Structure formats: structure tokens, C-alpha cells
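In C-alpha cells, the next block holds one chain alone, the form predicted alone.
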Amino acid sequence: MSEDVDLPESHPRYESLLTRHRIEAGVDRGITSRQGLIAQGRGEAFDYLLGERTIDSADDAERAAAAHLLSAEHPVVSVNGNAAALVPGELVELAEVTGADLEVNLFNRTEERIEAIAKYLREHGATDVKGLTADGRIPGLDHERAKVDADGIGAADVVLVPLEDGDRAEALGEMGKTELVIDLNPQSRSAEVATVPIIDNIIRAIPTITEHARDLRGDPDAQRDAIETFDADSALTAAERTIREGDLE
């Protein structure tokens, strides 16, 4: 996907405008659905209220997420159209550092979109991308996001689900999976049911999780400490407080 866009880096909204461009280009390439444009705008509004920064509680969540991925028996990173358009190389790097599988999962699923996203991830360094087989199902869901690979999300014990649908997040939790959710809305169902809710922009969250994973790799005691000291309710409360009380001047 071309990053050739005429935006001066000195522009105060440079990162925001670049992100919008990536989503728009994703639609043109067939990776992102048109509904993804709306979802991006909604998330951007919450990020603005957060001060477009990674707050301390989100950093703690990202460290806990890294620890969960590293200590998992079968970690999987779920990828939808917006995630693929925004942070394809970063997702591949995270999977490599943590030993996780990458699996494409879409609400507006077509074989063409699945294959386009898998191809795009491979162009960014992925060697194996799951999601095309779809020989398993998540119980309790009637839409296309119920379709998963039996040896991917179906068999995972820990799943990172960025930009997740609330009903699928609930259904994965009911399957007993540890869910790591990236969502800019602390009151979303996805964030509220997550083992680790990460209230941060995905373009900051994925690289930060990877950074923490590099730091924690090979240190099971530190991984255990990061998991045990993280409190999901406190993280959600801190994010909501920041949104309600933040200074936007």
C-alpha cells in the first residue's frame, strides 16, 4: 500500500491524517470494508479525548499483554481489515517476537478480502497466515466472524483481538480463552470482557507490546509479575477518567 501522500510532517495532525490515508488506501485495495472508515473515525474521536498518547495504565496493559503472549501455549493474533491496513508490518513483527500465529478474521468476510489481507501480510514479512481454511466455528455467533481455523483461533489459549466486535469478544471469553483487546473505548463490550483491555491506539499499542515482549522474553518471573499485577478494572477506570477529565487545550 502506497504511503505516498502529500502531508508535511510538521502538520499538527500529521499522524491522524496519515492514519486516515492508510484506511482509505485499504478500502481501495480491498483490504478494509467501507464500514471500517466509520469505525476509524469513531476510534479517532476517543484517541483525541485521550490526548493521542499512551497513558500509563495502557502501557501496563501492553506489558501484561506481552507477558500473556509469551507465556501462552498457543497464542494467536487476530487480524481484521483495519488492523491490516494500519499496522501490517508491526503485526508481523509482534507475531515473530512472541511466537504467535496470525489469523485473518472478518465480519464482512469474502474469500477475496481474506486472500487480499493474507497476501498483504506476506508482503510485510509474514511466512504463514491462517484464516483461509475456516474449518472451525466460535459457538453462539451467527455471522461470518464465527468462522476460524480449528488449529488457529479455535485451538488458541491466548488471543490478541485488536479492534474487536463485542459479541465475538464475549463468545471467545465463554470458550475459556484469554483475550487481549485493543479498543479506544473503555466502555465497549470488547474492553469490558477482556482479560487485558488495552485502551490505546493500535498504531501505538502494537509496537509497544512488541517492545515489552522483547524485554520480557526469557524471563518467566517478570512475565508472571506483569500478569499478576495488572488489574483490568483499574485500567478501564483510569482510561475513562482520562477521557472525562482530560485537558484538550
Ligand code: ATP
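Bear in mind the structure is a predicted one, so any value in this text is a computation, not a measurement. Numbering starts at 1 and runs along the sequence shown. If you superpose the two forms and keep the largest set of C-alpha atoms that fall within 1.5 Å, you have the rigid core.
Another form, the form predicted together with this ligand, is not on view; read the next lines as being about it.
Asker: Looking at 220-228, 65-73, 193-201, 50-58, which lies within 4.5 angstroms of this ligand in the predicted bound form, counting heavy atoms?
Answerer: Heavy-atom contact with the partner occurs in 193-201.
Asker: G30, T110 and I114: each with a heavy atom within 4.5 Å of this ligand in the predicted bound form?
Answerer: Checked in the predicted bound form: no contact with this ligand for any of the three.
Asker: Under a 4.5 Å heavy atom criterion, is L184 part of the interface with this ligand in the predicted bound form?
Answerer: L184 belongs to the contact set for this ligand.
Asker: Contact with this ligand in the predicted bound form for G166, defined as at least one heavy atom pair within 4.5 Å: yes or no?
Answerer: Answer yes; at least one heavy atom of G166 falls within 4.5 Å of this ligand in the predicted bound form.
Asker: Is there a heavy atom of R42 no more than 4.5 Å from a heavy atom of this ligand in the predicted bound form?
Answerer: Yes, R42 is a contact residue.
Asker: Looking in the predicted bound form, any heavy atom of L86 within 4.5 Å of this ligand?
Answerer: Heavy-atom contact with this ligand at 4.5 Å: present for L86.
Asker: Does the C-alpha of K130 move 2 Å or more between the shown form and the other one once the rigid core is lined up?
Answerer: The answer is no; the displacement is under 2 Å.
Asker: After fitting the rigid core, is the C-alpha of R145 off by 2 Å or more between the shown form and the other one?
Answerer: Where the cores coincide, R145 still shows a C-alpha shift between the shown form and the other one that is 2 Å or more.
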